[in-house]
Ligand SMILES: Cc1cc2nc3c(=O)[nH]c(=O)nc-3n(C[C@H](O)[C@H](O)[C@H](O)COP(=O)(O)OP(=O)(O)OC[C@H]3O[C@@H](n4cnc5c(N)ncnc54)[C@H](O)[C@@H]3O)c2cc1C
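Take a look at this single chain in structure tokens; it is the form predicted on its own.
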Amino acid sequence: MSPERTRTFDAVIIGGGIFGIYAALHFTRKGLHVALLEKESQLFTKASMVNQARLHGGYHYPRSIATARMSDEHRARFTEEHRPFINFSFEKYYAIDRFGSLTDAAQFERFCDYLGIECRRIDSHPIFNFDRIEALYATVEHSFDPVLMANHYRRQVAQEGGIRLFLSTRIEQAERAGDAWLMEATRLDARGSFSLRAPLVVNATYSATNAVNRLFRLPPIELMHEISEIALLTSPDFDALGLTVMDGPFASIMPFGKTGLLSLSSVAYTHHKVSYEAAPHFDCMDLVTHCRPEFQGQCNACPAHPRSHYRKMLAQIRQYFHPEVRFRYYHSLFTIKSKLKANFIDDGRPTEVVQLHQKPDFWCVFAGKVNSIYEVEKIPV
């Protein structure tokens, strides 16, 4: 690595999703000169964009108190700071299925009471099919608009003078140089390579977490990975409502922020392929050249992404509505979703902020819930 081409920063953040962006903004507002690296041509494009856009209030995780509590802990602050991008204008319901749920009505009520979150039982509703629903609850849960949030955070990064943004850029090599990391980066738009030096590196790459850790010769974290689909729908009968059927192999449908669309996910059908390797490997990677375990491409733009399961997802969610309720499929979004292997049983999604090396410092941020972005403030700067 040539020192003549080396650019020096106080911190280098790898990954331009919402967690990497928030870390960059937080650090620079503390006075640090920050480099933010993203291998895609734009910030906020993959898992930060492709999700159900649920602003979690804790209801979703009755088998993981830690995840539920963290979701609710940060909800008020996230809501206040992102109010223009949040859809407050719909009624959100949670339902217990009559058959096969891992949580029954009494357990769900105790769980909500323990967390102190609103949960009001509804005995009848004109749109829902109570032949399949054991119990229905009115709750307080909103959705965020990922498109509006993406535009907001891209503007924030552009306006923040302390952030140097490198798009279409990836780290190829890394080594320790005293109390700093020395990294070799490649510009994927064919404009060559350059070196970076910083005493602090933050890995916020989500599904590429272990690939980046390996470059720095640091241990992996135990992850599993899935190629996942979010189906987008419209409905003239269900445009100001949301329903999550839980807890087990069920489904959820709710407004996709302020887009006018509905997002539909299904435990049984959203996840198409699974990989238990440290870095995700799927058979579709063998069909293309732009995607591999250490350097994953964008599933949405990939001709090898799985065929949509939207028909199965729709058939599943329709069971909980009266037959006259109409839904129309619009489009599907695909991405790689990752989670800790330790949470396979309880379906938890805790946010991990872990220091893997000191002097030079290296922190790994692994998270799946957007309103836990404030956990990155635990990194000392």
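If you're wondering where the values come from, they're calculated on a predicted model, not measured in any experiment. The first residue of the shown sequence is 1; numbering continues from there.
Separately, the form predicted together with the named molecule exists; it is not shown, and the next lines address it.
- The partner is absent here; in the predicted complex, the one residue of Ile86, Ala208, Cys299, Val157 having a heavy atom within 4.5 Å of the named molecule is Ala208.
- Interface residue among Met313, Ala68, Ala35, Ile336, judged by heavy atoms within 4.5 Å of the named molecule in the predicted complex: Ile336.
- Although the partner is absent from the chain shown here, Glu40, Arg54 and Phe144 each have a heavy atom within 4.5 Å of the named molecule in the predicted complex.
- Checking 235-243, 165-173, 100-108, 284-292 against the named molecule in the predicted complex, the stretch whose residues place heavy atoms within 4.5 Å of it is 165-173.
- With a 4.5 Å cutoff on heavy atoms, Ala11 does not count as touching the named molecule in the predicted complex; it lies far away.
- Using a 4.5 Å cutoff between non-hydrogen atoms, Ala204 counts as a contact of the named molecule in the predicted complex.
- Contact annotation: Ala367 falls within 4.5 Å of the named molecule in the predicted complex, judged by heavy atom distances.
- Contact check for Thr28: no non-hydrogen atom falls within 4.5 Å of the named molecule in the predicted complex.
- Of the residues in 9-48, those that come within 4.5 Å of the named molecule in the predicted complex through at least one heavy atom are, in sequence order, Ile14, Gly15, Gly16, Gly17, Ile18, Phe19, Gly20, Leu37, Glu38, Lys39, Glu40, Lys46, Ala47, Ser48.
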